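Below sits a lone chain in structure tokens, taken as the form predicted alone.
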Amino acid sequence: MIMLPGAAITHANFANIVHDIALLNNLGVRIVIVHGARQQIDAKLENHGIDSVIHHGSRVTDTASLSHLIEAIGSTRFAIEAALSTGLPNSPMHHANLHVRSGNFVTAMPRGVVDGVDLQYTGKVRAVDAHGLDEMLFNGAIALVSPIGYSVTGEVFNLTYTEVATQIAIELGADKLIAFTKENGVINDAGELQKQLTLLQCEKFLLKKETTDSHFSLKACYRACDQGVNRAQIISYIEDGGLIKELFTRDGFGTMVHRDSYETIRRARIDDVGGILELIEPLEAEGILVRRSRELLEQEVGHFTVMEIDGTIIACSALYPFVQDNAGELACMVTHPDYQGQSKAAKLLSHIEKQASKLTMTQLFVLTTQTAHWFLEQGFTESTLEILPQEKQTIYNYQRNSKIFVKRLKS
């Protein structure tokens, strides 16, 4: 995933960035480019005598400016497509033969009123057509996405390119997110370049609440890595060869953000039994979970997946397979109270769903007495006893009267 601000596209070094992108494409790297156009929009509005209002880093897009904004974004996209289509002899692009595809990949919704200010046609990402993007990438094309989204009611919304890029990177499970900025990465208080940042270190930098491009890029990198992207890099669009140096040299070139090594999701081991018991025993005492003895847990620990931070288990869940029914039971999903509300359970569920798919399971089911709404939010639907495997039906506890939820898994 490559994030290109509008300023990078008009810079003299843009041609060299295009050459580097062509090289990566020819090496078989699948690339999505999301471009910005703030500089181009500012110029277009100024030419028409329209003043822009920026509120917390987002432009207030009214009816008068919307058509000019669309025109500016469209011309910026055409400039990128033209640059990626060149192939003059005796140039780095000779025989590059890049295939660039654009389209309507983002569904948007209005951002609404923020601190009393109606942002009008400024929106936020509602959904991403990950399947359409993945299909193009599979066929060797470079996907080019503009910071515009369309609502289900047919309206056009102005989006921040950093949000679009971040959401697409998360949905596609990108290996890397590359954020081009004027500055060559993140500079600390001593004026030194931060070569690497963990998510925890990112949080400290983001507390400064700056409104610079590098700050918004760092925020995008943080969110992407927090939601599953392994690496994100911030590099300067001014430096020739910066992209190649960052990707293919040991020391890199800009700032690399990476997922904290202290947060890990993995299969449980026998020495995790004590930590799992500490998580589930309070809920067993309240009757929310069915009691499990240490002996039973030791026998079943191979079915458990845990999330640990700094060596401490902070969440767990079990997956019990029903092979003949191509189904799996999700059970004992618990998050430590100190980490609730941080999407830890959703991350753990996503990991387990991938496990289940690898085991050729076509659906997950869960029995719960307390967390029905959460499972509905995760894509489960309420069902009846008959949907359960026969083996599970025979041991259903009518006294607990657990509700049954099912989720179909993507093949």
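Take the two forms, find the largest set of C-alpha atoms that superpose within 1.5 Å, and that set is the rigid core. Heads up: residue numbers just count along the shown sequence, starting at 1. These figures come from a predicted structure and were not determined experimentally.
Beyond what is shown, the protein has a form predicted together with a small molecule; the following relates to that form.
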Note: the small molecule not shown here; in the model of the complex, the stretch from 30 to 38, 52 to 60, 345 to 353, 380 to 388 having heavy atoms within 4.5 Å of it is 345 to 353
Assert contact residue (the small molecule, in the model of the complex, non-hydrogen atom within 4.5 Å, options S67, T362, N26, Q370) equals Q370
Only hit among V100, L137, M333, V128 for heavy atom within 4.5 Å of the small molecule in the model of the complex is M333
Does any part of T264 reach within 4.5 Å of the small molecule in the model of the complex? Heavy atoms only, please. no
query: Should A79 be counted as a contact of the small molecule in the model of the complex, where contact means heavy atoms within 4.5 Å?
result: no
Taking heavy atoms and a 4.5 Å cut-off, does Q340 contact the small molecule in the model of the complex? yes
Does L247 reach the small molecule in the model of the complex, with heavy atoms at most 4.5 Å apart? no
Aligning on the core only, does the CA of V29 end up 2 angstroms or more away between the shown form and the other one?
no
Note to self: On a rigid core superposition, would I235 pass a 2 Å threshold for CA movement between the shown form and the other one?
What the structure shows: no
Would you say D51 moves between the shown form and the other one, meaning its CA shifts by 2 Å or more once the core is fitted? no
A change of 3 Å or more separates this form from the other: in the model of the complex, the C-alpha atoms of L197 and S343 are closer
Distance flag for Q167 and M333 (Cα, change 3 Å or more) in the model of the complex: the two residues are farther
